[in-house]
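As a starting point, one isolated chain is supplied in structure tokens, in the form predicted alone.
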């Protein structure tokens, strides 16, 4: 089975005799394995398994414990996440447990399929017999282990610290672990399991709580908060407050002590490149380049314009020469002459000459002379529309058709001339009004500016009122603002009329057989619905045009003038400006999170775990002993050992002492000590126990397992005092 791991394989497995036990600390967080004759475990890794597929070969590999993130890019991990063999602190997934044991024995240097060494493995307090029997079956039948012994990790840690003089024979072992917390009373050096107490809270819940708080506080950096990183942050920055309420008030007030306790984690951040302003030489060089490019473009445009003028002049000379030749041709030869030139009539040649002259004047930049064109075109109008004034009874059918065409063309031509004349008059009137306004401004500038502002205010209010009526249908919310109304009130008059027609038609035709369309007047409904009576949608209103003109005029005359569209009405519609990221945006600040997350060890109800905290567990355990000896209770509370990974939080000893003192009688002796090494003392205690000469008396062999069966394990109990 291929394994991927950073842990090196041991090479001295054969140097240890078959009588040397192998010690395994099978914790829910970390797996530790080593030899009983040593003080440190040989192999330590996280107790998880992941089995992804290789992206190229498709081979399934087994990743046990920590892995190299650089190698994970070659594997597809979407369908295989990290899995643990534990449910809370009980082993129940023995398929995963087999992968872990395979990897552990392989890294220890085992070469064969059988392990010919006795095994001491730890388990939780009051481990279910089903889990213990499955573990024995796995070790005996899969690995051929000669004998096995089961022990509690917290008991081994207490016995090891007792041997080192840290705690007494009578005392309490408190073990806040990865997923659970246990309190085990010891009397004469032996654990009393009937007085044990358990709470389903541990370091896993603290890490998960911290991960949730950081993800809510910094949602844009959620990808940074991996489980491993949050675990490191928890162990580095978190602490337990002696009084949570006073500590929280300290941070709420923002005192100097709170600032000193605040920690900051700086995420990787690269400052954006700063562009230095260009030098004067660079500005001059770029200006010279732009000027050179502009000169080149102007020359190209001038050359193109000259070429175009030459082409148009040559074409105009050709058309004029053609007209002169046409005057010298006899009437009978005109059709044949025109057939050679490609034109149908003299009028077509003159029309082409007029278009060429207009294009030539446009190319030369000369102003249009509409009046002269009109005068020139009027003499030819009679020739162009020669059939208009002739009575119909004097015309043939073909000439009648041609007369209709001439009438249509003449009416369109007259309409264009009237439109041009109207535009010319409007332009002259506009110039006259501007001239009068300029004279008024020069006569009294202050009065003119004041009148202009008053006119602007009046127009803007009128435009706003019309917009509100169009939006709200004549309703407002009392503040001259739109809002809080339904769709029916937002429709204008024309839209409401169309809705009324539809509703009426549906009501009238909704009963009986649908006969809509049988009558001609039914189709008149579509004409009424398609009629657009909303004048506001046809184009810009006169008030809007005048308001824009006055606004532009005020901006020219008054530098302090700000249009309403820039003051407030357009601000909500503007897109938010994106602020460039700074170094502070990539800083993760730890304030109240430092002591808020570990506080769930003492208040599990914060995360919906309705159980007692660490300090109350001591009282529960003492009450379960049901001992009437007051001296025993005092001896138990005077030797409380705190072990396990979650006991590394600073302040846990002082907080436990304060909490236990509140539930014990006044004057009771209370002494709480932390283990020498809360993480490794369980394995060291188990290794010291397994290296004792009487260790073999506490094991049961494979022969006993096959003879007595799994039920014999139900009454198995290890004695820790040898």
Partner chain sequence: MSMKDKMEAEVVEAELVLPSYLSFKRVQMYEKYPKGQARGRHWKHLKQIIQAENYQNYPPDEPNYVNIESPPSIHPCKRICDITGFEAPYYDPRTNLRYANADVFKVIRSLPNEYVQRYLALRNAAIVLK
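Numbering follows the first chain given and starts at 1. The term rigid core refers to the most C-alpha atoms you can superpose between the two forms while keeping them within 1.5 Å. Being a predicted model, the structure only gives us computed values, none of them experimental.
Although it is not shown, the form predicted together with its partner chain is what the next lines describe.
Which of 428, 216, 407, 548 has a heavy atom within 4.5 Å of its partner chain in the predicted complex?
Only one listed residue qualifies here, and that residue is 216.
Which of these residues, 248, 357, 363, 625, gets a heavy atom within 4.5 Å of its partner chain in the predicted complex?
Among 248, 357, 363, 625, a heavy atom within 4.5 Å of its partner chain in the predicted complex occurs only for 248.
Please identify, from 633-641, 394-402, 437-445, 189-197, the stretch that has a heavy atom within 4.5 Å of its partner chain in the predicted complex.
Stretch 189-197 is the one.
Using 4.5 Å between non-hydrogen atoms, is residue 57 touching its partner chain in the predicted complex?
So residue 57 counts as contacting its partner chain.
Using 4.5 Å between non-hydrogen atoms, is residue 67 touching its partner chain in the predicted complex?
Yes.
Partner contact for residue 557 in the predicted complex: its partner chain, 4.5 angstroms, heavy atom:
Outside the cut-off, so no.
Against its partner chain in the predicted complex, would residue 499 count as a contact residue? Criterion: heavy atoms within 4.5 Å.
Answer no; every heavy atom of residue 499 is more than 4.5 Å from its partner chain in the predicted complex.
Taking 61, 143 and 610 together, does each of them reach its partner chain in the predicted complex with some heavy atom inside 4.5 Å?
Every residue of the spot touches its partner chain in the predicted complex.
Pick out the residues of 81-104 whose heavy atoms come within 4.5 Å of its partner chain in the predicted complex.
Result: 87, 88, 89, 90, 92, 93, 95, 98, 99, 102, 103.
So, superposing on the core, is the move of residue 712 at the CA at least 2 angstroms between the shown form and the other one?
Residue 712: C-alpha displaced by 2 Å or more between the shown form and the other one.
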